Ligand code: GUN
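Quick setup: one chain, the form predicted alone, written in structure tokens, and binding and motion questions come after.
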């Protein structure tokens, strides 16, 4: 553990105990009896050994008696990152999982999303999803909203108010034959995307930024995709969309874009594959397409709950990692029925084991690797790993204080366990009852009186 004078201001919080995180080289690193300081800007100012408390207190100017000591069965881990979630679908999460993707969109999703022109309805749903995901330990979320600009701006405001780090996307779609009033013209979509970006950036929210959001190729004409690629490039913005989720979707894409060799080629043609692009699913991407992802720096969001719940496919996450493509985890609410990244961790492990059952030569993902995907991997996928993802000096303190033995919680401990085992138990058995505190950029956002779920 290194000490450093990387602080940008006085130290306001010092914690002592076990810290568990990942590095690019190591899937799981355990720091026992560590001291971590957080400065006034919410950044990690130092990490040191507990035995050096007196020296560190003199160097960084804090009182040793003010150190916050973790309990025996507690540890800190980085905040979890949801790289793909539809905030507008939260109201029917846990239901409507009886159809494949395209029918599901037409029957459930588009009719519900069309209601978000009603700002009161939007406020109710968006408040609930931000509160719930924070309680679940999601410190950063990459949100799809709807085509409605004002409601999408409201989602950004709510995330800011409750202290969640977020990328928020106003959905763009000029093709929709099932719910015809839920679509835009190319010009409307372009104009409203410009307005959304301008107004959200003008709010100067410290942790909430816009993301250019073509829903997916079947919902967009080439004219719209081209314009969105230009907007993202001119404003140096993130991009999010879907790709290669479902076999019927692939057939539809081929019909709509007959001149494109692959699904990936469509996005690539219109400059929508960049090192700030996150594409969801990718179950049926070829190795050739994954090579394009690596070369362009494009990331994938692995959404295993949704992939199975809508019978879309199983992503070979090992193959994605072998191609050195950035990979994070997504809940994909409401195609995925859970809004917790803990669920995504479990489903990722399940999916990998299914692939091993089918092919014993498949190298199953370990829980340590999937822990990294839920934290550092997500930050890399969103190109935010210079700010968040693990406990490094100078990064923002986005963290979960986990108590594996929380009273009334779902985990029974028979005897004292080493930190690695405590983490494994939490990932497999834990829930929000074990997450006793949530910090985003050094600010404690859970528990918070305002976060009482309505």
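These numbers come from a predicted model, not from an experiment. Positions refer to the first chain, counted from 1.
A second form of this protein, the form predicted in complex with guanine (GUN), is not displayed here; the remarks below concern that form.
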| item | value |
| --- | --- |
| Open or blocked, guanine (GUN) overlaid from its pose in the predicted bound form onto this form, 2.4 Å backbone/C-beta test | open |
| Answer range among 70-78, 237-245, 127-135, 355-363 for contact with guanine (GUN), defined in the predicted bound form as heavy atoms within 4.5 Å | 237-245 |
| Heavy atom of residue 82 within 4.5 Å of guanine (GUN) in the predicted bound form | no |
| Residue 183, heavy atom within 4.5 angstroms of guanine (GUN) in the predicted bound form | no |
| Contact label in the predicted bound form: residue 104 to guanine (GUN), heavy atom within 4.5 Å | yes |
| Exercise: residue 298 in contact with guanine (GUN) in the predicted bound form, heavy atom 4.5 Å | no |
| Heavy atom of each of 89, 215 and 332 within 4.5 Å of guanine (GUN) in the predicted bound form | yes |
| Of 109, 227, 379, 305, the one that lies within 4.5 Å of guanine (GUN) in the predicted bound form (heavy atoms) | 109 |
| Heavy atom within 4.5 Å of guanine (GUN) in the predicted bound form - the one residue of 158, 310, 384, 93 that qualifies | 310 |
